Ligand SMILES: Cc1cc2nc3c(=O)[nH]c(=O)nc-3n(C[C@H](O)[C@H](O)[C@H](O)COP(=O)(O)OP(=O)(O)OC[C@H]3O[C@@H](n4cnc5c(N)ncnc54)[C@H](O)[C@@H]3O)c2cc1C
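Just one chain follows, in the form predicted on its own, and it is written as structure tokens.
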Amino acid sequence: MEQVKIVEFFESVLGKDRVVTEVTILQEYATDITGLRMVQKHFGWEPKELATCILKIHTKEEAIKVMEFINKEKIVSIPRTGGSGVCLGLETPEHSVVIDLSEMNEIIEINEENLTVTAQSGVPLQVLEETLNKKGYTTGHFPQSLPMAQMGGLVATRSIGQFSTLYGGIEDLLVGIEGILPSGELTKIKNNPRKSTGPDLRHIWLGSEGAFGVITEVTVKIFKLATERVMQAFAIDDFSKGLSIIKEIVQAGWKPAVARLHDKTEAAESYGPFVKENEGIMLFLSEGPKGFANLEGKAVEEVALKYGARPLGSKPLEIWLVHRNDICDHLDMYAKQGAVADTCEISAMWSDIGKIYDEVIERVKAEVSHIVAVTGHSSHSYMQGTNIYFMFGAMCAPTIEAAQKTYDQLFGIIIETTLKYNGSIGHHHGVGRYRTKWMKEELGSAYPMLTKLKHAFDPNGIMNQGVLIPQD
């Protein structure tokens, strides 16, 4: 069908004011906030392909009509909410349409008996959190993208928050969910604390990145605000000792909301006045009902001191709480200076995570020309293992191609090393279009399960082509 006819149909469903065709806005929607694109824009990069239009959806009934039409006409579509993705998952192929659900932003119900909140997919997490706080509750979910993130996108990218050791990731918080398949079928998974009725269908939507349809509504757990909080920091002279401290704490059954280990480079940059040369820093925050936080805090301190950590008081935690979401500003600053900079978060078992960290740092310093910095920290831990959140920056020639080459080299070292030790190539940022090249190796013999799911739910292959599964 001609593009004009397509736009006319969408205008008949949504109204002309909610079908956006203005080129400058299409350009804004053509990518996400990946560090690669940040620096390439300073070198003159512009999106070569733009969507035909952006559809501003307000109701599930509108979404159903839109989905039925795009499926019938085989129009490639990119679902979108807050736009805070960092893996190229929102880039728009030519003649595609963006299904923008950010204006589906109603908080439907706060259920204080069941401790749940139901919200449409476009509700900003920060708005939801502030609304709950006034009533004495919290989502317990604090990703770095908090100022931008919206509920549908958090589920679709399998998000995690900075207090995850206590509250869990979005997969632990999700109670029920509503979504629309490409065929236009409305699917709703009702709210229950747990059930044994076949596979957990919520997980079809979790981490789906728009590849199976659009999410319209989610129900997540909420928690009563903590009445007590204990904050403490420690300097540590060896990164592997820090990993051992966290491992011992979580394997003993303690769940400090924040348990972070920053290597010596990050410690010197962000906490210089508190640490000595070559010292890393550990940050712990315990919270909960009266009496619990103090009890956990003492247990954390006991383990840290056993490994020779040096107490630093609570001030470093207070600084981190203020500046914990500044990373986008840092990446933009690097980009303006002509440096390729970004983050890459991976995870692995306790037996392998230290090897991955050591080898990545060593390889990047040895193999990448004009390296500015490569750092790592652990920020989300489990009884079986933890993550490493690498941050890197390197200068390159001021060209789009040179930036791509340097970015690929840096990212490649991290991913190759992670796969070598059987770790996972993505802990919480998702796959997008950038990490798909490694998905066969990541999933191994389970990879056909993903491709079959894609074909079953999206047989025409129109939903966010190229995410999760590499496009031929």
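Numbers follow the displayed sequence, beginning with 1. Keep in mind it's a predicted model, so treat the numbers as computed, not measured.
Keep in mind the form predicted in complex with the ligand is missing from the figure; the text below concerns it.
Colleague: From the list 304, 356, 149, 281, which entry has a heavy atom within 4.5 Å of the ligand in the predicted bound form?
Modeller: Among 304, 356, 149, 281, a heavy atom within 4.5 Å of the ligand in the predicted bound form occurs only for 149.
Colleague: Name the residue from 340, 388, 154, 261 that puts a heavy atom within 4.5 Å of the ligand in the predicted bound form.
Modeller: For this set of options, the contacting one is 154.
Colleague: In the predicted bound form, does residue 85 have a heavy atom within 4.5 Å of the ligand?
Modeller: It does: once the ligand is placed as it appears in the predicted bound form, residue 85 has a heavy atom within 4.5 Å of it.
Colleague: Taking the shortest heavy atom distance, is residue 80 within 4.5 Å of the ligand in the predicted bound form?
Modeller: Result yes; residue 80 sits at the interface with the ligand in the predicted bound form.
Colleague: For residue 415, is any heavy atom within 4.5 Å of the ligand in the predicted bound form, or not?
Modeller: Contact with the ligand, no.
Colleague: Answer with yes or no whether residue 33 is in contact with the ligand in the predicted bound form, where contact means some heavy atom within 4.5 Å.
Modeller: Contact with the ligand, yes.
Colleague: Quick one: in the predicted bound form, does every one of 89, 121 and 160 get a heavy atom within 4.5 Å of the ligand?
Modeller: So, yes: the whole triplet contacts the ligand.
Colleague: Using a 4.5 Å heavy atom cut-off, which stretch among 128 to 136, 205 to 213, 315 to 323, 183 to 191 contacts the ligand in the predicted bound form?
Modeller: The contacting stretch is 205 to 213.
Colleague: Does any residue in 128 to 143 get within 4.5 Å of the ligand in the predicted bound form, counting heavy atoms only, and if so which ones?
Modeller: Residue within 4.5 Å: 143, and no other.
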